[in-house]
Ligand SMILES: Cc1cc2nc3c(=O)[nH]c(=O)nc-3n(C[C@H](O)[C@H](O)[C@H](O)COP(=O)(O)OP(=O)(O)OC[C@H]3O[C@@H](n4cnc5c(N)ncnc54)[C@H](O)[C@@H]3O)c2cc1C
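The chain that follows stands alone, in the form predicted alone, written as structure tokens.
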């Protein structure tokens, strides 16, 4: 059920994406190894022009891509999103040389990008990161420390790395660096997670970086991180909406055909009301996501708060919808290989990454109080 705000050509494009995902991407995803980067899948995303579109589309287009792909092939959606997350800082803040070297390869699926912000002791509190960028004379800095929970690690070809250049300065002392994976002293290991996408840890043992590797400005890297997250948070919500819609569609089909208590499962009022609630919450989340993305594209005020609302509502909604779908399907939904078994493992992580639900509530509250202070000062 398309939202009223979509133009006919947008709705047609979403339908085309779902078909492409089923026909071209799903077979490649099925051949991939869980927890590993699927390079043939990335290459096909590049061939279809979807990766290049990451750098020419606005936030709403990004949301439509992620939602549409997620309904049919979550692996393709995640592969696309991780390329965007890792490479957006290069696109938005990188030098001409950095962009010319890496972005064409990201766009054709030949280079794997990663966004390296979280650390063992700095997850939700990103300003507390401790990876040290220690001065190395006129040559630049040496990175020493660790990153953890990094998507596409350790298989990425380059990392957008956030390191502390000024100790004790909080968010004001962080610098973003573009670090190729072959830099001496950079090693990594894969982590086995409940969700099937690649994620790992990185160790930095005096990894050399120079001024040519800086993204944006020295000590202004936190703005690079937040600028990237403000764009991608609504689209995390779009990913969640896509999963919720897939679970809802499966539930409609199952309850329509399942015999129970002398009729169909859909004839039981308790079931019908649960399905109605699933649809209601999914559509509300979808509209919130579209509104936040449109606000970003229009340069409207309050984007951080809107982005946080979209991610929070959509990810919490998807958790509810998928869980309810599993309940209505019964034991069959827990069997390995079932769509809902897959979604059940996928749906939990978005409530944590790119800012946990509790962090989103903090952002929303902070933006609300800042707005009331501004109004009172007028």
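All figures in this text were calculated on a predicted structure; none of them were measured in a lab. Positions refer to the first chain, counted from 1.
Below, we turn to the form predicted together with the named molecule, even though it does not appear here.
- Shown here without its partner, the chain carries 50, 74 and 228, none of which come within 4.5 Å of the named molecule in the model of the complex through any heavy atom.
- At a distance threshold of 4.5 angstroms between non-hydrogen atoms, residue 116 is in contact with the named molecule in the model of the complex.
- In the model of the complex, no heavy atom of residue 164 sits within 4.5 Å of the named molecule.
- Taking the partner from elsewhere, residue 9 is found to have every heavy atom lying beyond 4.5 Å of the named molecule in the model of the complex.
- The named molecule is not shown here, but in the model of the complex it comes within 4.5 Å of a heavy atom of residue 349.
- Comment: the named molecule is not present in this chain, but in the model of the complex one of 88, 197, 281, 306 has a heavy atom within 4.5 Å of it, namely 197.
- Between 220-228, 273-281, 189-197, 295-303, the stretch whose residues reach within 4.5 angstroms of the named molecule in the model of the complex through a non-hydrogen atom is 189-197.
- Although the named molecule is not shown here, in the model of the complex the stretch 356-374 places heavy atoms of 356, 358, 359 within 4.5 Å of it, in sequence order.
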